[in-house]
Every structure is written in structure tokens, then in C-alpha cells.
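Here's a solo chain for you in C-alpha cells, the form predicted alone.
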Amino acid sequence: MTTKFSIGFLPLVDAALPILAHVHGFAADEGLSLELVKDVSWATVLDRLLYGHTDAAHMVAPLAIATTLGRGRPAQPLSAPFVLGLNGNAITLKSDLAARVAPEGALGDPAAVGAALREIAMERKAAGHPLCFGVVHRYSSHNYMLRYWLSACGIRPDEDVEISTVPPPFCADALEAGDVDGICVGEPWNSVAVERGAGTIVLATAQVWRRGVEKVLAMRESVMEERRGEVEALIRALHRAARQFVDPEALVTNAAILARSEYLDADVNLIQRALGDRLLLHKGGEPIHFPDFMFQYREAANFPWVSQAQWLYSQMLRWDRTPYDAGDEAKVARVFRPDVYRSALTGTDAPLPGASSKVEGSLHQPMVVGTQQGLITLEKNAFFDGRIFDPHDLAGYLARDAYAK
């Protein structure tokens, strides 16, 4: 007997795991029949989830936290028991702008690109026509990564530059139309902009934070509790999909699946490039290899580290200009659910960390960490500016934040 489970998603490469779990039969092996519901914006993905049109969703991680805290709408507690991927986004600028701030044919150094961009940002601000960037949602990792990078380079978001919301499938259109000067979005939409000659990729967000959390599997907390057995079955199916996703021999097949009209409805060649960690930075160039651009399995990448949710909360406070609240921090810590992830995968061959939080940005070389089962070696996870986030000192981290002042 199979049980139906509906999952909302946007046409992005990092929606791969639910799609592959369905198509390859991993969900069926767990007794689940997945119905995948495609949307065009994060707002509609969230609406379908909250009103019960879907059971779960592929979702930008900060949106799950913002919804739980009631930012922008009445609070509804969401749970995220599985991380669908880390990073996988890029910053693409109009090509004339990119030529002034980044080296030709290579990704730039974040600090150097930011310093060059600051000069232009100040020129444009003085001329009364500030630079404008498009991000996919106010509560998205794209927004926070872009703001973190800009502010660390001396460019004040909302004061020196403007940031507006553009749904992912329209990011290339907005750049091509000149509505924005740059976009921060996931694949394949940077590559679509490049192929049209509308922009040039200057940075990958993995250069801003090497192991930044990106999408999660989100659901209403009540659904997770009521359907706990099915949720754990789904986690096992997604974990199998993640393992298969990184198999080089499966790349061509998986790209063809994702390219189908019912999923991404995109050029299979662009998807193959993203899956292979290759980026075409500018039209007419040669793709470069950027290791771990799409990061979705190693190093317990799917484990919902509570410390990553807390870092996102720190950025929410920073850019919403709201004070720290210990009660809210406790609610945030409950959004990511490592306990459910552990329960689902205990006794399998999936490595499980011994801890549920860690100091983010502290690793500059590989380190073997303690585990509940299996072996895990974490690699470099640094922020580009060398800052470290200790989840036990969130209030202190915010107090030391000179960039936001």
C-alpha cells in the first residue's frame, strides 16, 4: 500500500532530490507516491503549503524560519527535517558592469570584486541612479548572502544600493530588460542570462560562505507530527536520491530527467553543466570547473544543523532591523529538526553527526568529527571575510556586527 505525499517546488536544479526520488522509484520503495507541484514563485509555494494544497515543499531555508516567526504574515510553525542542498547560487551582473569589477574568464575574488563594485555603487548613488540587484525572495539565502557580501565590502544594502524581489524564472528577463543591474539566483537561471548575453557570472555564493545552507524540505509542524512515519520514509528516499545525485555515471540521465517540461523545462545542457559543477561565466567563453558548486551529499550535507538556522536568524534580525529575542531564537532552533533526520536514518549506512550544532566558518582544513554512526570528515566552511559564527553567542555575534551600523 502506498501513501500519497505532495511536494511543491520551483524549477531549479536544487529541486532535484524530490524529483529524482520520485522518478527513480526511491520513494515508491518506501511506500510513498510523490505528487510534485511546480510553481513560479516562493510566495505561491508557501501559500500552497500553508493552506494544505501540498504536504511539503522545496523551500529557501530562511522562509521556513520567517514563517515560523510570523514575519510578514501570521505565524505558522514549520519544520525542516532535511536539507536539500548547500550553495548552488551565483551572482550575475550586467556584462558591462562585470567587466569593470571582475577578471575576464574567471570568477573574481569576493573582496576584490566588492571593492571595485563599491566605487561604482557610490558613483551611481551620487548620480541619483543607484545600482539595483534582484533576489528571489526577501527571506532567501540569496538575499542574505548578497547582503553579507556587499556590507562586508563597505556597500550598505538599502542605502547605497537597492535590492528587489524577482522570482527565479524571471531573473534573466529582469537582467536582460535592464530592470536590475545584477541577480543572485540558483541554476539554471544564471546560465540562461549568460546564454542570452544578458549578463556575466562574477561570483558563486559558495565563495561568500563555503558551506552555506540553501534549500530545505519544509512542512507544517503539525503535518510532520501527524505523519511522522511517512516523513521518515521520505527522508530515507531523499537520502538515496542525494547519494545517486552525486554519482558521475548518473549525471546525464539525471539532467535529462530534470530538463523535462513537468520539472525544470530548461535546456538539458545548462542543467548538465550545473550538475557537473561547471559554469559558463560569459557568452562565447569556455565553462570553468568550480568544485562543490552544487553540494548535496558529502559531509552530512543533508543534515539540518541547528547552527545554520541560527545564522540565518542572525541575518534576519540584521536586515529586518529588529532586536534579538531569546524566545524567537528558541523557535528558530526548533525549525531545523535533526532529531527527525536521525530517527529516519539510524541503523542505515548514512553517516550521522554526533552533535546537532557546530561553529560555522571555523574550518580551514579537513577535520574528522565525532559521529553517532559512520565516519564524517568536514572540509573548509569559511566565510570570505574570516568571520566565525558561534551559535552559543548569537547575541554577541550581532553586537559585534560593525557592518550593519
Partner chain sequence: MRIAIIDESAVRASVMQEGLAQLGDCEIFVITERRGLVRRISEIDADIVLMDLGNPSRDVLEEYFAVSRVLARPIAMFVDDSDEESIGASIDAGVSAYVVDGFAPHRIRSILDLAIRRFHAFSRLQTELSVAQSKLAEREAVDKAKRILMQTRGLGEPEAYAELRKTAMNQGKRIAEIADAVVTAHKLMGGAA
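Numbering follows the first chain given and starts at 1. Since we're looking at a predicted model, the values are computed, not measured.
Here the subject shifts to the form predicted together with its partner chain, a form of this protein not shown in this document.
- Proximity of residue 32 to its partner chain in the predicted complex: non-hydrogen atoms within 4.5 Å are absent; the residue sits far from the partner.
- Its partner chain is not shown here, and in the predicted complex it never comes within 4.5 Å of any heavy atom of residue 37.
- In the predicted complex, residue 358 stays away from its partner chain, with no heavy atom inside 4.5 Å.
- Though the partner is left out of this view, residue 26 does not reach within 4.5 Å of its partner chain in the predicted complex, counting heavy atoms only.
- Contact check for 73, 137 and 170: all three have a heavy atom within 4.5 Å of its partner chain in the predicted complex.
- Checking 164, 261, 222, 253 for any heavy atom within 4.5 Å of its partner chain in the predicted complex turns up a single hit: 164.
- For the candidate set 373, 362, 343, 44, a heavy atom within 4.5 Å of its partner chain in the predicted complex is found for exactly one residue, namely 44.
- Note on the interface: of 124 to 132, 176 to 184, 80 to 88, 268 to 276, the segment with non-hydrogen atoms within 4.5 angstroms of its partner chain in the predicted complex is 176 to 184.
- Taking a 4.5 Å heavy atom cutoff to its partner chain in the predicted complex, none of the residues in 317 to 345 make contact.
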